[in-house]
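One chain comes next, on its own, written out as structure tokens in the form predicted alone.
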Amino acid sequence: MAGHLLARTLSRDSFSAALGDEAFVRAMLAFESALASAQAECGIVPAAAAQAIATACATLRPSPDRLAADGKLAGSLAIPLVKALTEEVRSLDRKAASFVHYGSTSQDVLDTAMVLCIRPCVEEADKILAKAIAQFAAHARQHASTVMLGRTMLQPAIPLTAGIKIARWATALARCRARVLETVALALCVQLGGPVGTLDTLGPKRVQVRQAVARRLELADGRSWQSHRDEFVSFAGSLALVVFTIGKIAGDIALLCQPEVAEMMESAPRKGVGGSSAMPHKRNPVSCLQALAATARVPGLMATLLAAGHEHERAIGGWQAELATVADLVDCLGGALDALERIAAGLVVDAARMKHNLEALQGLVFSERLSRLLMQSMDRAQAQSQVDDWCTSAVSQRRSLQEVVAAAQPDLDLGQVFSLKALVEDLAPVLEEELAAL
């Protein structure tokens, strides 16, 4: 979690609050209150006891620091929490104290509390992604006719439009959004299984109680998942892919905003944003930095989740490491979304600079289109060999490829080969196909 000062500079405030100490304690108490109320509804505990437990859960304010210290000795944060709650209930109703945490186990408390804390983050993430997708789609339409260099292996390839590049960002985010929603439905559900996942204490009313707890917490119902964590880790993977995709977008923009390229900026320059402690002229792409920092952290977190052991019915060390790691992963997601929100809203595309960089290559990037023209009268190998020779001559003579070809074969109709308008028309269906996927 973003508790360290350095980590806080990379996090999203709302996510930090949702995953914070106070929020997690309140989530654990919400579970205990819902459990007692559900058991009273099903006739397992007295209604008066459930009311006393609910009152205590609403008023108890245990110290997170004290819980953490005691939880380290107990091996579970839930143990000192339940102890403090039991004492609080006893002060209200001595008989009710015996029904605190009845039939449950510490993993039920911690798993469900984590789900409760993650839920608002996922809801917020969905809204941010939806808005960013729409904003990138608008940028893509605006720049449907803006031709820029395509780049492979960090070198000039063939031209495409800025619209296509940005539209692909939008469609990648749309896939991420759909993937998260799909995994959320399976993963963010109540955990209530008791000591070994069978809820023996609740007997034939086990499912009825579990469903009542889920309803009170506004969570999906689900069979006990304490020993098989595949759906939860799959959900975590979907979050990791969101961060990964935002990192890809941020990486593209960071490369394009270098002054030597200067084709895009994450936002218009603004005083106080992205400055240097030593060089007044600098404007660093700090949103890209934040996204890429999150991207760098995520692979290690996912490796931990996949490596966490889950022996038998309840693991030793594995799920404890998993919950702490998932909190860090969600924090990374918040940081990446924080950056995405600013980038999608403020993206600046410099069409003139894109054209300048394209023209600086003297038409060489149209070599593939030229080869296709020659293939109308010769085979592909011959066409590519001839164009290769012309490109070599253009470079050595410091002339445009179009001039070299026109001098060598004046009868060739080069109008469509080097025409930006023709290129845009050819690529229009590609852009439309990307946007249609949104």
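Quick note: we count residues from 1 along the sequence shown, nothing fancier. Source: prediction; values computed, not measured.
Although not depicted, the form predicted in complex with a further copy of the same chain is the subject of the following passage.
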Answer range among 121-129, 194-202, 138-146, 212-220 for contact with a further copy of the same chain, defined in the predicted bound form as heavy atoms within 4.5 Å: 194-202
Residue 64 within 4.5 Å of a further copy of the same chain in the predicted bound form, heavy atoms: yes
Exercise: residue 379 in contact with a further copy of the same chain in the predicted bound form, heavy atom 4.5 Å: yes
In the predicted bound form, residue 163 touching a further copy of the same chain (heavy atom, 4.5 Å): no
Touches a further copy of the same chain in the predicted bound form: residue 47 (any heavy atom, 4.5 Å): no
a further copy of the same chain: the contacting residue among 296, 345, 134, 185 in the predicted bound form [heavy atom, 4.5 Å]: 296
Residues within 4.5 Å of a further copy of the same chain in the predicted bound form, restricted to 149-182 and counted by heavy atom: 149, 150, 151, 152, 153, 154, 155, 156, 157, 158, 159, 160, 164, 165, 168, 169, 171, 172, 175, 179, 182
